[in-house]
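Next up is one chain by itself, shown in structure tokens, the form predicted on its own.
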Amino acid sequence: MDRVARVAPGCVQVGSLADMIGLPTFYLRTFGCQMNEHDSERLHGLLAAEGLTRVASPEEAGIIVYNTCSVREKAETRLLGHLGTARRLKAQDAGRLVVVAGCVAQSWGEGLLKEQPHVDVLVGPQSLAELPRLLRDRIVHRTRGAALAESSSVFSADLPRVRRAGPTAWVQIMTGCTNFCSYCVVPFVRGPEISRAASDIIVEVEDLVRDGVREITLLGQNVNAYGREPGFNGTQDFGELLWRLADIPGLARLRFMTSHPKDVSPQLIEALAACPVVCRHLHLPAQSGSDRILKAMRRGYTRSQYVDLVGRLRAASPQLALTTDLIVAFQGETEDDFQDTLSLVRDCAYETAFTFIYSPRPHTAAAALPGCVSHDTARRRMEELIALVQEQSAEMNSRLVGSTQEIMVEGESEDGTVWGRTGTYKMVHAAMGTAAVPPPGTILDVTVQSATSATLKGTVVEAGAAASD
């Protein structure tokens, strides 16, 4: 349940949306990445500040909000299915309001209002603050509206927030991307790179730690580019920001995503190796193991440069866990290109990988490239890639059986075990033995007794047992 609130100072405003709508509730569904989840916390905060209550199903809601992703075609297809539900519910109650927020709103633009006449409001990721105003305009003036700024100096991180209670939290450090990889729509829907002031980030993290948060994940489309854009008022680079945040008392763990390989700096490698609060885990999207495909993707590095970077990272931090993103069946991908990707997975010894079949995205250069890979070939390559990744993950995890791993407790399962992650981002389920179940955020040592490709299982090392070893 969402219980931890950060809404605007003062109380719910007079003439709030709750006073203007028959059913003062909202349903919020999120598609996509961690940044979208973070933005949904801000949408929740904006609507809570208007006196509205979040509900678990669209049938209970006076306002239905879909916060969307357009990075993959599959996410858009799922949205259309949910919009069908919203259309049916609005036919039952014309007073219901339907909102499409996020990347699909930005990508499709006002044409979405024409295609989906039951949608009342569109709000892009740079314009979330406009949602209350647009909803008021719809209620009072009956006007359907859109706020679709291409860029903004107002970060979603500056908006009210309601986040899920627990010891972990996301913190936005920048927005946008200027890499323009040929397959990626993000620069077109989230605008250019803009970095938040380090002082604002530090204040937010300090506030979260005072609320009991022990692990922070810093978010950005390319966190390695933090502070590099022209006109940035600060002097910090990303490595320096990590060290400054690590000095905050009470912060136990610091993570970040996502990193672009071409922008990994010596300072970041040093922080990963030496800063005690920074987790020994790096998500480093490769996308392909083929130089020909990497060039067509406009990734800005070659396979050998990527492998060399991995070598430098592992030399500096031998315990580093490396995860990645991989795309199969990119335009023109041959069987040799695909085999290069499989060999990269073996060479880099990824702990796990997020794998995707290429889908053309609007506005992107790759959408016009020749050489579409057949559906059957794409599925076969995906299955081979997933099988290899899972085989490697299972083998790596099996090596940990018998070892002691440190986890931070995030929750308790129905069977009385606790679950949490290691610093290397491995999910662990641990039996407590005779010990009492500790609160979330507690750091525990766990003896690993079994492993799969996805999880580790074990028993908590009790204080007495640890002392006698």
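Each residue number is its position in the shown sequence, starting from 1. No experiment lies behind these values; they were computed from the predicted model shown.
Note that the form predicted together with a small molecule isn't included here; everything after this is about it.
Shown without its partner, this chain lists G145, P160, P285, P167 as candidates; in the predicted bound form, only P285 has a non-hydrogen atom within 4.5 angstroms of the small molecule. Site annotation in the predicted bound form: the residue of N397, Q116, Q221, S127 reaching within 4.5 Å of the small molecule with a heavy atom is Q221. The chain is drawn here without the small molecule; in the predicted bound form, the stretch among 355 to 363, 79 to 87, 342 to 350, 225 to 233 whose residues come within 4.5 Å of it by any heavy atom is 355 to 363.
Under a 4.5 angstroms non-hydrogen atom cutoff, the small molecule in the predicted bound form lacks R96 among its neighbouring residues. For the chain shown alone, R299 is a contact residue for the small molecule in the predicted bound form, at least one non-hydrogen atom being within 4.5 angstroms. Among heavy atoms of D325, some come within 4.5 Å of the small molecule in the predicted bound form. When the small molecule is considered in the predicted bound form, T258 lines it closely, a heavy atom lying within 4.5 Å.
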